[in-house]
Structure formats: structure tokens, C-alpha cells
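Take a look at this single chain in C-alpha cells; it is the form predicted on its own.
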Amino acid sequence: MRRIFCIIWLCIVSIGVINAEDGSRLWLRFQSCNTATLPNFTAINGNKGSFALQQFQEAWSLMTGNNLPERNLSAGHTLLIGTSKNREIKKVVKAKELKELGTEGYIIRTVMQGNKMVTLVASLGEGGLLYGVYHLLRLIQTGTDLLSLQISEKPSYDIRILNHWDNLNGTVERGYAGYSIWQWDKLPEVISPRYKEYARANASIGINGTVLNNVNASPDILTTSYLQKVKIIADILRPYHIKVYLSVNFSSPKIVGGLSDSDPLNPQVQKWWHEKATEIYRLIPDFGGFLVKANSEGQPGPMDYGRTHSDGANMLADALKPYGGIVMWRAFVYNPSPEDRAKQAYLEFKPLDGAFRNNVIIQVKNGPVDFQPREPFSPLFGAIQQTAIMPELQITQEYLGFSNHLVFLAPQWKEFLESDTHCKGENSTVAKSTDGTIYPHTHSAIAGVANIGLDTNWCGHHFAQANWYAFGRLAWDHTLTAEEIATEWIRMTFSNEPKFEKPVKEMMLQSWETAVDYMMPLGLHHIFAWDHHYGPEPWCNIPGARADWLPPYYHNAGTDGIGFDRTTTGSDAVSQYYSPLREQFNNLESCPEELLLWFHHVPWNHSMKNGRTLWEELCYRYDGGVQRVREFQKIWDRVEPFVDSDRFRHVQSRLRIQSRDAVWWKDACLLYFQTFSKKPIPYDIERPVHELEELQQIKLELKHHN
């Protein structure tokens, strides 16, 4: 009897483990679909051996416990999955329609053939077919009616790529979800099942490329032994139409090849890169190309030899050209200089516009400084016209609370992509200036710095998964709204229940502005703690450190006011923008208040549009951020009945951390800036609970795998 009881108990535990919600399935929780909402498919038809068809069958089996039978179109409601070569597809979709969408585009359509219903997914190529199948699965997961589908899509950007800042020793720079998923020490003998799961997740949101290693690249990645490991990963990702790219160290010819230098105009250096490219493509025929960080933060580059960025990029581009590879050359450059750091990338790259090969893309961070909670867009967007330029977004939350804070980044990215550069008059948005609409180039691209690690839930915080998802969706279609993306993710990741979806979506959509308010409102920026960037340290002053590494460089707080003067009488950064933006930013009265202290040094008594003084508005912004995080805690606690206990407790715990951190930020910044303003904190907002001296003693030693 005891043995029987033990067996029953073990079965119950096993079922609990199977049904456990640990976040590992991301937004692909097919097991959790309600069969009552599933379409009444009776059969499946399509290209024999199609990988996309196999992916649908796998998902359908998880949702229903059965495979759809493969029959002819005479069956009830048939699902038809095929390329333009499929005979049945040709009957329904014109070849011209698919040709206009390219090899990655697709059509999803429900039609009647006689008295039979057919839902079809069609594409010119297998890649588009895979994306179309995952779009259909998304519709099923979110409970969408499939009876009148008329969908036709193609991607906004050709190259939609994740940048992993993963090191060869398994650590991740600015990674907050554990160690790297690329287990270099075990490859090529041991292959993690996570590689395939990673590929599937990326394919499901349209990501088609991945840079495996850190932009602060080790030259070892180009050695033969490591390239053999890279080949294994590339082979696994290939069926999911994901190309592999590598970050390369510009000094590799000298360090790895044993040459006397790495001068891009040295014929021996050029020969080395050509031979290395040949070796790579022999192993990986669809290798995507190189990502390069050069002459920035101590990294080697062509300027070490008196050459230009274009000299270095073109040398690499020539080596990759015969194989169709590209070079993504980062414009994140700043060196010790009396010039405003926000201006330096423009000053270095604008004069080189048109000097790069057509298989070079300049990769530019969204803002002119460094992934700050809020920045104006980099003036290089719109200004670089003859060379392809690609946005670089940061998915991992280096400056937004790591994996402790719930900050949904789609609203930030939408603000950036929809910002009007005015490069070709009104409605010349960042998106249109980079997706080929305004400046047609050989390639268009967008990159996101990945927040993925070995943590069971991939991203360290269950809600951080939404930023990985949002990047992929916006890279595929930048016209999607943040609300649409949040709706999809919530329904796929948690629940279709309106009592859960509505409040959680509101929380997500408010979370970015909330973080800006409790960290750095009104255009304040880069006042983070030294090195790790977690928590506030506006007073930071490290002896011997460069000025532009320290917060006072950016906030310039004094008895006369606060903010960085970038007007025509200050650093003149405003002049890097097109009219009418430069005039708007230059004028204290017309400058958007969300960027006021980015462009202006403003007196504490300056009157804001709502009638408050600048000091008062700062206080209310900080306090408002704190109060909204506390509302997030209440929202999450109320939806407990609609979410599994493991994920509920995890998010609840993280919101507690975020609430404490928000108070830390508010108290540190207001008490410190009060030493300059000499004004009281308005009496109708919450009083500080810390002493400034106490906060100034905090020195965190964070272990975040970087």
C-alpha cells in the first residue's frame, strides 16, 4: 500500500513539474492553449518535407495531442502551407503577389473552394513560409478568428539581428540573466538543446541573424578551433533561417596571424583577412559577416595607423564581398576630447558619408550618448545618406534596472523610430531613413543588444522577455504599436483573460515613462553609479577618471541651475540636427520638456508649462515615478488568480526590489540636487526616508556576469 501511495505521489509531482510555469517556454507556450478556441482544422497539406510545415505540426501536436492528418483539399477545413512552387498554392495565390513580397514575405488567407474552407500560408521561399506559419500560430494563440484572414506581410528591414555581448569565457557584458548560452568550452562535442530552442524563439518573431560574441571581441574567435565551434551553432540555426555573424577584433591579423601590424592599407593584412574569409565560408557557406567596434573605449582600429573608419571597414568589406557578406561598423566612438561627447560620433562619421563600400552598414545607437533611459535620437539618423545606416537598440536593461525592474521598452523604441529627422522634409522619420524608404541602399538592417542568458526564464525577469519579443516584432514591422505588441505578448505568455490582460498591459505601457521619472526625468542623463550603472550616484567623482565618465559632466548642477547646455551658445550639439529641430531644441521655450535638461542649463526657478518651477517639477516627477511603481505592485497582486504561482511570486519579488530602488533614486537625486537648489521638497509629496550621507556611502559590488 505504501508503495502504491508513493507511486501516486510521484505521478502527481511529475505532473506538477510538467505543468510548471518557469518561463522557459517564453511566448511559445503551445501546451497552454485552450482547445475550445482552436480552429477546426481537419487536415494539413503542403510542400513535402517543408520545415515550416513540420514546425506547425509540432506546435499543433503540443496544443491538441495529435498531428493533423495529411490529406487532399477535399477534407473539411484544410490548412495549406506551401511556396509558390506548390500546385495548390498556385490555384489561390497569383505568382505576382508573392514576388512583390520577396523571399521572406508571406500571405495568410482563408478562402472557400466550393463548399470547403482552406486557410493557406504561402511564400516565395521557405524563410517566408516559416515566418508565415509562426504568424498563424500567433493568431491561434491569441484567440484570433481565422475565418476571414487577408494578411500580406514583408519585413521592414532586410537584416533583423541580435547582438550578443557574450565573452568566450561564458560571461556576458551587461548581461543580467546568467552566463552565456554559447557554451564554448563544451563545443563542438556537447551541443546544448537550448540552441534549437533559441533558434525557434527568434524565428517566431522574424529575427534572421545573430552576432554570437561581444563587440569587445577576443581575437580568439577567429582561430580555427573556435570557427569549428561556430560552425556547429550555424548548422543548428540554419533551418530557422538565422545567419551567424561574428564580432571581430581589428588587431586580429597581428595577434592571431602573427603579422607585424594590422594596418588596413598593408597588403599582407588585406591578404590575411581575405584568407580568413575564405576559411570561414568554407565552413559556413551562409555566414553573415562581421560586426566591428573600432577606436572606441580602447578597442583597436584603423585610426591606430592614421587611417579612417572607412579604410578599415572597406578592407573587411572587400574580403567578404565575394561571398555576399557584410560589415556592420559601429559608430559608438568617443575619445578623450574637449568636445561634447554627444557630438563625437557625428563629427567622425558625417565627413565619411559615401566613402564606404555598399556592403558596409554603419551601426548607430538610438541616442547620441549611450542607451540612456531617454535620449533624443542620434543626429546621424537622416544625416548619413550615401551609406546604409542601422539602428542599434539595447534590449538588455543596462541603464534601466537590469533584470530587477519591469520596464517594457516598446514605447521607447517607438518614440525613437517615429522621431522626425526632417532630413527630407516633414515625416522623414528615423524608421524611414533606415528601412530603405528615403535612402535606398543594398541592405537595410536593425540590431538589438540581447538580454538572453542561461537563466531558466532566459532573461532574468519574466517581463524582460517582452523586450526580446518586442524587438523582433518591431524589426519585422516597425508600424506596429506598443499596445499591439504588449497584447500579443501577454496573451501568448500569460493569459487571454481580459481581467489579467487589461491591467497588466496598462502597467507595461506605463513602465518606461515611470522608470524615466524615478531615475532621470526632464532630460537628465548618465547620473548612474560608477561602472556597473545600477542605482544613482549623481555626486560620483572618481579621481583621475575622464570627465565624460562622471555624472557631473552631464547634469552640471550648481546654484544657478541644472542641465547640459547644448545650444548654439553652449556645445552647439543642436546644430547637428536639421531645421526646424535645431531651432526647436535651441529655444528654451520650444524645447520639449522631456528633453529640457539634455539641451539646456536651466535655472531652478524656471517656470514650466504647468506653472511649477523646474525644481518643483523635478520633485513631482521623481515622486510620481515612485508612486506608479507602487501601483504596479497593487496591479500585480490583484491578478494573482490568473497566473501560476511560480511566475507570480517571481514578478512580485522583483516589483518589491523595483519599488525600493525607485525610492533610492528619488531620495538620492532630490537630496543631492537640493544642496544646489537650496529649496524645500514640496510638502505634499512623500518625504525622503534616507539621509544623503547614508546614500553616498553605498558602494555596490554587483555580480552580473560581465
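One rule holds for the numbers: they count along the sequence shown, beginning at 1. Model, not experiment: these values are computed from the prediction.
Below: the form predicted together with another copy of the chain, not depicted.
| said: Just to be sure I understand the contacts: of N40, S645, N66, S653, which is the one whose heavy atoms reach within 4.5 angstroms of another copy of the chain in the predicted complex? | reply: Looking at N40, S645, N66, S653 one by one, just S653 meets the 4.5 Å heavy-atom criterion.
| Location of another copy of the chain contact in the predicted complex, chosen stretch of 632 to 640, 585 to 593, 410 to 418, 434 to 442 [non-hydrogen atom, 4.5 Å] | This holds for exactly one stretch, 632 to 640.
| query | Would I685 sit within 4.5 Å of another copy of the chain in the predicted complex, counting heavy atoms only? | reply | I685: yes, in contact with another copy of the chain in the predicted complex.
| field | 4.5 Å heavy atom contact, L671 to another copy of the chain in the predicted complex | value | Although another copy of the chain is absent here, L671 would touch it in the predicted complex, with heavy atoms inside 4.5 Å.
| N45: heavy atom within 4.5 Å of another copy of the chain in the predicted complex? | Looking in the predicted complex, residue contacts with another copy of the chain do not include N45, since no heavy atom lies within 4.5 Å.
| message | At 4.5 Å between heavy atoms, is R29 in contact with another copy of the chain in the predicted complex? | response | No.
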